[in-house]
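Single chain ahead, written as structure tokens, the form predicted alone.
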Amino acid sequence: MATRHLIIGGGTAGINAIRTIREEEREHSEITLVSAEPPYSRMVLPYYLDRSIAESHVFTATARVLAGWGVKTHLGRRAAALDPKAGTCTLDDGTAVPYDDCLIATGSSPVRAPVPGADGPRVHSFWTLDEARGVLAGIARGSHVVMVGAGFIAFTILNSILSLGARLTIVEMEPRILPRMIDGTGAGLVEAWLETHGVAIRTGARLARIEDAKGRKRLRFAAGGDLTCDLVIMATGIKTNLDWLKGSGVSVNRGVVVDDRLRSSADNVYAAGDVAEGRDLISGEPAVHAIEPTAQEHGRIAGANMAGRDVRYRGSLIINIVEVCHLDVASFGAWDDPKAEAASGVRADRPAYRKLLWRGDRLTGAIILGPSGDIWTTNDVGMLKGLVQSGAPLGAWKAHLKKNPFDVKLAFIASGITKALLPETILGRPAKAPGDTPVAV
């Protein structure tokens, strides 16, 4: 009898798991996908919003593609309960789906600020395709958009809003923008850059309520003047979709607790992506990394192990990279470690900023920002990521970087990082060419 794999969630982690199962299995298995939405990429929604791509290009696996992969589907359905001992998953319509092993990849949902009016008309989140459609329909040239929240999600759609000809105001409760991505120095440079591009910013602002105001929206604050606008976007965080696992016996902390094979406390249950609490590459401690690169890697590792391989995961590296009005902003690893040794440099006229953090002579975190058009910015983003990801000892080059934080290239080449990283692959084998794999990769 063919092995029955159940994939719960059609996002990045789930689709990568399906692809990898088909690549790695020795005998053809049964794969069933349960997904509340058709599979698509959240990461390309900003390009749909600014009309760079058609809606059809958002989807990662159409019904025809899934059928070609031999995947049975329950689309538009949600998992409601899991019984690992019986090997069944009950859906929200009462359907019981049996499995031999399953992957929990149910992702996250947006969280709106708990204020009156946050669920009213012309107040949107930006997380699903339906929400992206609503935002796109509500923005016209000359509209005033207020974005509540100045974190990574907000900054991924900032360019798109401006490209539609809207006027933008960003409201953040914390004292600075991008509080979970860069430090105060970097945030100050980004804020000044945005203001030169016509973006208004209000930090330290506590939203009290959102009201209707003669066909528009009025935001009232605990202190400071009101804001009136045409459309509000709530970018105030996300929460993992884990409530449905209550009573399953699967161990859940901040996420589903997984081992280095991404297996949960139940032997036949794996978890990947936003819902998985696995190893952080830098600290070695359990962490939830709700980012696209981690979801891709988790899906590949879980899929390989479900297909019968024995693949261990080194751990995920926290990575955040955005481009705002042609300014690249990135951070890697333990960029906010208060116990790390740090060195930084600022060139406010460009503007450009580097902050490097060490434990011993190993680079464990970094912040970088600079104009997108400067080739040294583009190169340094990749090289700093490589230095942090490899964990290579820098020896005497640590002192060089402390004195010259903008001169990354010499230390990167001399440390042999390229040689160390080139043979490193998630599954411990070379990537397969399209003709050598049963699915498109």
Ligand SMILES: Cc1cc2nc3c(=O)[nH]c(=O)nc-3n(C[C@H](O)[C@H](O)[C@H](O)COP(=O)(O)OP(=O)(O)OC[C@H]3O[C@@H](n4cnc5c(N)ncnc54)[C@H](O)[C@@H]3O)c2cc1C
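Heads up: residue numbers just count along the shown sequence, starting at 1. A quick note: this is a predicted structure, and the numbers were derived from the prediction, not measured.
Just so you know, the form predicted in complex with this ligand exists too; it's not on screen, but the next bit is about it.
Visitor: Tell me which stretch of 373-381, 39-47, 408-416, 388-396 has a heavy atom within 4.5 angstroms of this ligand in the predicted bound form.
Guide: In the other structure, the partner sits against 39-47.
Visitor: Find the only residue in A290, V324, L227, I367 having a heavy atom within 4.5 Å of this ligand in the predicted bound form.
Guide: It is A290 that has a heavy atom within 4.5 Å of the partner.
Visitor: Ok, W358, W193, F221, W127: which has a heavy atom sitting within 4.5 Å of this ligand in the predicted bound form?
Guide: Only one listed residue qualifies here, and that residue is W127.
Visitor: So in the predicted bound form, is this ligand close enough to T106 to count as touching (4.5 Å, heavy atoms)?
Guide: Because a heavy atom of T106 falls inside 4.5 Å of this ligand in the predicted bound form, the answer is yes.
Visitor: L363 versus this ligand, in the predicted bound form: is there a non-hydrogen atom within 4.5 Å?
Guide: Flag for L363 set to no.
Visitor: If we define contact as a non-hydrogen atom of the residue within 4.5 angstroms of the partner, is A302 a contact of this ligand in the predicted bound form?
Guide: A302: no contact with this ligand in the predicted bound form.
Visitor: Would you please decide whether A295 lies within 4.5 angstroms of this ligand in the predicted bound form, comparing each non-hydrogen atom pair?
Guide: Contact with this ligand, yes.
Visitor: Which residues from 122-156 come close to this ligand in the predicted bound form, meaning a heavy atom within 4.5 Å?
Guide: Stretch hits, in order: F126, W127, F152, I153, T156.
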